[in-house]
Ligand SMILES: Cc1ncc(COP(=O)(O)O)c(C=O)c1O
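As a starting point, one isolated chain is supplied in structure tokens, in the form predicted on its own.
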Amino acid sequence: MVLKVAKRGAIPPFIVMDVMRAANEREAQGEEVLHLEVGQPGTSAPKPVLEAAKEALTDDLLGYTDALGIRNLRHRIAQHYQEFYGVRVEADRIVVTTGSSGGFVLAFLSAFEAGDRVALASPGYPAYRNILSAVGIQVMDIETGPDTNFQPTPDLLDQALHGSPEPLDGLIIASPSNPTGTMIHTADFKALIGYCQDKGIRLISDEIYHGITYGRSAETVLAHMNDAIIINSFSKYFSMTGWRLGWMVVPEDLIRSIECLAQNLFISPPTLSQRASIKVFDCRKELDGYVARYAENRSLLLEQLPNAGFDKLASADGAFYIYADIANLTNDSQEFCNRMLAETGVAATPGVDFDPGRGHRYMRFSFAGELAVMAEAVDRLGRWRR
């Protein structure tokens, strides 16, 4: 007898994780790898966080917390919005999650029914599309390019909806975005928010790269509206990737739904991570030092990658990624990245992870590591391309 396998698991893989596995296998065989594939800081959590974690480990019990998170952490996150953005947020609207990934699952399940339609920019973070598909929500890709800084606009949304009898139920935005690192400028930001408000579209704003910007600060949607869902994380700016902790700011009409879902799906976020993370908000000097390192890496790659043939690059306003159009080099970015790893030891991510339709001619470099690694990588790529 053949047993049934649910179709919801037949979603595309998160290819960057496949690339990381291949890079790790190469290292296990004694080969050197320069990691420009994974979007995680090459720095540890700040020292006060580590000290708080050690102190928490001396307790007799690290038990469950409230499903929405430890109350004093929720209050500290609310205080962060006042300090960082000048925006007042009630602590009762803060939901602590098991990474931003847990936040996306809770957001999608609480805000949309199976069969609803949600739009997102392409290229974009692949887990948006894959999680939505797994829970039965229709995905509408909005193809973006350099002319809109790889960000969605009301005009692009209208074009995608033209002639469609089905309404649009949600829109996901990210500024700075993954994989392009681009940001939405203030006027375009307000236009998108107004569009969603006029048409009754639930807006979800991925703000996990806030704090990592070059030249101007990122804006939070909360400065303009209260009924959006905001998702953030301790993984990127706060340099706590493996601690698996994030948070949401949610509208009042979703709080109880999200609490019930969180109770049943996750019980509670990791207790040790919650207790340690409270300290991270007082580590801005150390964290901004990390961002200064990313800025050095960014400058080096933007200057040197064109010399290696990667000369069509997204603006990289924030985050720690450079998205490259490599149509002049290949029409198969996955094969190209595999060959680049095998022949140079430089690991990077093919664009098909982020853009199913056009990603075969794009790739992403992550510059979250050491400056010396970036310098060696562009040197190897330059010699490889000559």
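All values reported here derive from a predicted model rather than from experimental measurement. From 1 onward, residues are counted along the sequence shown.
This next part talks about the form predicted together with the named molecule, which is not shown.
Residues within 4.5 angstroms of the named molecule in the model of the complex, judged by any non-hydrogen atom, belong to 96-104 and to none of the other stretches in 68-76, 96-104, 158-166, 285-293. Within 4.5 Å of the named molecule in the model of the complex, a heavy atom is found for not a single one of H210, F238 and D317. In the model of the complex, the named molecule lies farther than 4.5 Å from every heavy atom of F310. Although the partner is absent here, S233 sits close enough that one of its heavy atoms falls within 4.5 Å of the named molecule in the model of the complex. At least one heavy atom of R244 is located within 4.5 Å of the named molecule in the model of the complex. Contact annotation: F112 falls outside 4.5 Å of the named molecule in the model of the complex, judged by heavy atom distances.
The single contact residue among Y125, F281, F108, Y81, judged by any heavy atom lying within 4.5 Å of the named molecule in the model of the complex, is Y125.
Only one of the listed residues (S205, N297, S277, N178) places a non-hydrogen atom within 4.5 angstroms of the named molecule in the model of the complex, and that residue is N178.
In this stretch, 1-15, not one residue has a heavy atom within 4.5 Å of the named molecule in the model of the complex; the partner itself is omitted from this view.
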